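One chain comes next, on its own, written out as structure tokens in the form predicted on its own.
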């Protein structure tokens, strides 16, 4: 009897050892936290789908149809894309948008960085100057555009100053050579302040001991900025450049207000986003507008990925 009892107990022990253990089940508290987490994130997911992912999918769907908002939708495949690529005004809009981005993004980034470096010093009344440079960024874009239209009018402030110097004032808004540069100047002035604040945050996040070590090694202020400060601002610069590229390639309101929606003079201020607006609401060609939206989205995505490969390297220090 003793042997059989021992054998039975040993068998039960082996059975207990060989039996796989069950993982800990979710407790009531943990299950409630999980449900609460999904409940809090669900509004954001729905907003993302309704206002971002949903319209993107709808634009690709509509780009395959011929629809003028008044007739029935007819499936045409990729005919809208083919017709758009053979539309001369589309390439003018692409050239204007790309030229706008290539000029505005580097200049506004450089100006914002210079302002941030200057206002990061212990200067008198630096708080006032920070506010003064940042104030145009929080003003209405429509109001700023109307003010610039008055300043760059043929009888406006800039031409009056040039006439006082004895120089002829050009037709800033009516000339195809000056209309888009005028918008560039306005965009740089209104966005440099907000980018300056981001650069200030990046400058204040640089470890002080690295700057002190460079000074102890005999580095001049310029060498310290070039070899220490600027590399450590790579992440901040990457963010600013990407946001600048996306913003400039989507420029619409300033061109719309200055040209009255026509993109004139001679399509000099026609951007891709303004052309998309005109395709849908002025010409009633939803298919062309959706096709232009898809193509421009792919272009902006490619520009963002190229910038990520160039500036998106991690910081090492």
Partner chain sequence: MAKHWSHMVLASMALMVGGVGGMAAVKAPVVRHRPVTITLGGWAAYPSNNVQKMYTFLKPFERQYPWIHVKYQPVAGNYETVLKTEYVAGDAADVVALNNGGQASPFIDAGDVLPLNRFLKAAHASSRQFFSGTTSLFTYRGKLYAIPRDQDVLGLFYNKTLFAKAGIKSPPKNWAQLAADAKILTDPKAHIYGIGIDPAEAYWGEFVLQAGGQIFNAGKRRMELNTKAALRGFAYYVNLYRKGWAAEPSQVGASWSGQSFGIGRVAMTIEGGWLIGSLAQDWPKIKYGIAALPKGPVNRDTFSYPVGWAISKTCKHPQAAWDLINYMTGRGQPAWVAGTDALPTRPSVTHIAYFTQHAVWTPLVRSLPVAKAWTFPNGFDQFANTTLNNQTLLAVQGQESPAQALRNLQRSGQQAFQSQSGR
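Numbering follows the first chain given and starts at 1. Everything quoted here is computed from the prediction, not taken from an experiment.
Below, we refer to the form predicted in complex with the partner chain, which is not included among the displayed structures.
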Just to confirm, residue 154 within 4.5 Å of the partner chain in the model of the complex by heavy atoms? yes
Indicate whether the partner chain has at least one heavy atom within 4.5 Å of a heavy atom of residue 265 in the model of the complex. yes
Indicate whether the partner chain has at least one heavy atom within 4.5 Å of a heavy atom of residue 171 in the model of the complex. yes
Test of understanding: in the model of the complex, would residue 282 fall inside 4.5 Å of the partner chain by heavy atoms? yes
Would you mind picking the one in 87, 78, 189, 225 that has a heavy atom within 4.5 Å of the partner chain in the model of the complex? 87
70, 36, 42, 50: which sits within 4.5 Å of the partner chain in the model of the complex by any heavy atom? 70
For the partner chain in the model of the complex, the stretch among 133-141, 234-242, 198-206, 171-179 with residues bearing a heavy atom within 4.5 Å is 171-179
